[in-house]
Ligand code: LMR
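Only one chain is included here, represented as structure tokens and corresponding to the form predicted on its own.
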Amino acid sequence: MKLRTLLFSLAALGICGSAAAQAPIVIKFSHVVAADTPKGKASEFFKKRAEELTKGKVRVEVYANSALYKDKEELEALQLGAVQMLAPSLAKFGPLGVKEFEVFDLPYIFDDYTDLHRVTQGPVGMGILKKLEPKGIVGLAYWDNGFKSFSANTPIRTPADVKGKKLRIQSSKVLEEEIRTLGGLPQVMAFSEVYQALQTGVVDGTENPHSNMYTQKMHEVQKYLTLTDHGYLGYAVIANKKFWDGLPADVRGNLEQAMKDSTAYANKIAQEENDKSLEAIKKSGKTQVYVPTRDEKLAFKRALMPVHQKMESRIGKDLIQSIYKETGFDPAKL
């Protein structure tokens, strides 16, 4: 009787073990922007591709628009294992202690996507991602959002027009220096709080790619937008290192391929989405869009170049120079 009971118990354990073995690996992928932004769409693309390639061994749950964590909280949540994947903006890693990421915040360090991708898809960019590993984080890829422009409730057409304005920025010493160099007052604030701050006049303006501005309805509370394209906003797709390293090799390989496919998709749609959002902002009639002349844009570039020199001691002069070399940029020729 005891033997029969033991055999029954072992059989039951086998059934439970088999069921447990078949249970999918759950990846919680959290981000802070709307689902219909380039990052939102790319994360959904990754979900679909990951589940296809792993044939159901992985289930990806995407949480958009700060549904789980605000941008100030999400990195800690990843390190603690509360979520497995994030795609934070590159500015988030400076406060974490990986200051090299702040090189992406330098104004006018990239002229266009071609220059940008020479860095993000090359050895310089991969070397920066590797610096996350001591923090318990694996860097998987860079995803584009776009180039930022200034918005405010009074026109910004020259560097002097920024003077005295309270402008919302992400938490970044480089971005603080950028705004101060123009005479403005930088205001660090969570992305989810920006619309209300603009609406109530807590801040006068901000800097965003067009897709962020439109999907968060900031154009409804900003009278002017100037297409300065002065800075880049991108994301690093990251995973909890312990979780990622603990995946079965075949599953990890499938997810790496899914990430490669998703990155190609993300970067393809980023510019398209920003162009569409800009047209939608124009059509709304709520925001006056100004395109600076070549000389006006050059004035912004010249005004902001001192930020590069001031940040050398923080970011690393060699890193900044390596990006100049990759892109062929020479500040002395401005």
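Each residue number is its position in the shown sequence, starting from 1. Since the structure is predicted, the reported quantities are computational estimates derived from the model, not experimental observations.
Here the subject shifts to the form predicted together with the named molecule, a form of this protein not shown in this document.
*Asks:* Every residue in Lys165, Thr226 and Thr287 with a non-hydrogen atom within 4.5 Å of the named molecule in the predicted complex?
*Replies:* No: no residue has a heavy atom within 4.5 Å of the partner.
*Asks:* Within 4.5 Å, heavy atoms only, which of Gln222, Asn212, Asn240, Ser149 is in contact with the named molecule in the predicted complex?
*Replies:* Residue within 4.5 Å of the partner: Asn212.
*Asks:* Which residue, Ser172, Ser262, Ser89, Thr120, is the contact with the named molecule in the predicted complex, using a 4.5 Å heavy atom cutoff?
*Replies:* Only one listed residue qualifies here, and that residue is Ser89.
*Asks:* Give a yes or no for Val33: in the predicted complex, does one of its heavy atoms lie within 4.5 Å of a heavy atom belonging to the named molecule?
*Replies:* Val33: yes, in contact with the named molecule in the predicted complex.
*Asks:* Is Tyr113 close enough to the named molecule in the predicted complex to count, meaning some heavy atom within 4.5 Å?
*Replies:* No.
*Asks:* Just checking whether Tyr142 would be counted as a contact of the named molecule in the predicted complex - the rule being heavy atoms within 4.5 angstroms.
*Replies:* No, Tyr142 sits far enough from the named molecule in the predicted complex that none of its heavy atoms falls within 4.5 Å.
*Asks:* Within 4.5 Å, heavy atoms only: does Tyr235 come near the named molecule in the predicted complex?
*Replies:* Tyr235 belongs to the contact set for the named molecule.
*Asks:* Pick the stretch from 127-135, 227-235, 76-84, 93-101 whose residues have a heavy atom within 4.5 Å of the named molecule in the predicted complex.
*Replies:* Of the stretches listed, the one contacting the partner is 227-235.
*Asks:* Where, within 186-216, is there a heavy atom within 4.5 Å of the named molecule in the predicted complex? Residue list please.
*Replies:* If the 4.5 Å heavy-atom criterion is applied to the named molecule in the predicted complex, 186-216 yields Phe191, Asn208, Asn212.
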